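One chain comes next, on its own, written out as structure tokens in the form predicted on its own.
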């Protein structure tokens, strides 16, 4: 069954976490919840608890102070789980990759499944990345049975 056409056993829940960004991508992620973009139409629901989340939307380069927090969030998220790196900072750490307090992109700390480019990542690009993550999540749910 497709994402929009058929019914799933349950909707994926999303957790957004900022690892040290300028907040540009954060604003775009929050725009996804407004009536203009309404990502809930794809069956995704925003949650604040990593124990309930299926998909982690990560923004910003990973700072050294956030490294352990990000790892803990990832470990607390039950499987199957996916990670979406939102924006250039989360994807590569740029333009902050040479800073003394930055580890780099999200993939330097936890595995990333989907990369969304942009500075700041446009809501349309975030939706494309989220739809890709939802299809990957759906496949993993089917594999687990």
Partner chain sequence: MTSLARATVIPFGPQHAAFLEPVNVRLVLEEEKVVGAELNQGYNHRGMEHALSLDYKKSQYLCERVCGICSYHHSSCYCQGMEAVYGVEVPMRARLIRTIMMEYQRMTSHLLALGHIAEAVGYENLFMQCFREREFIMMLVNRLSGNRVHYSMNVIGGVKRDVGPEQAKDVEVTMKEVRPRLEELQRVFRRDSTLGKRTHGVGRFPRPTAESWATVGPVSRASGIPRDIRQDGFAAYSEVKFAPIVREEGDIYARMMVRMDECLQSVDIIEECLPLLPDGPAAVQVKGHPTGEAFSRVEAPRGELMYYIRAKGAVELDRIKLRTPALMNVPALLAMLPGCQLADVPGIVVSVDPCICCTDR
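Because the structure is predicted, anything quoted here is derived from the model rather than measured. Positions refer to the first chain, counted from 1.
There is another form of the same protein, the form predicted in complex with the partner chain; it is not shown, and what comes next is about it.
- Although the partner is absent here, residue 108 sits far enough away that none of its heavy atoms falls within 4.5 Å of the partner chain in the model of the complex.
- Contact check for residue 115: no non-hydrogen atom falls within 4.5 Å of the partner chain in the model of the complex.
- The partner chain in the model of the complex comes within 4.5 Å of a heavy atom belonging to residue 23.
- The shortest heavy atom separation between residue 129 and the partner chain in the model of the complex exceeds 4.5 Å.
- In the model of the complex, 99, 100, 101, 102 are the residues of 99-113 with at least one heavy atom within 4.5 Å of the partner chain, listed from first to last.
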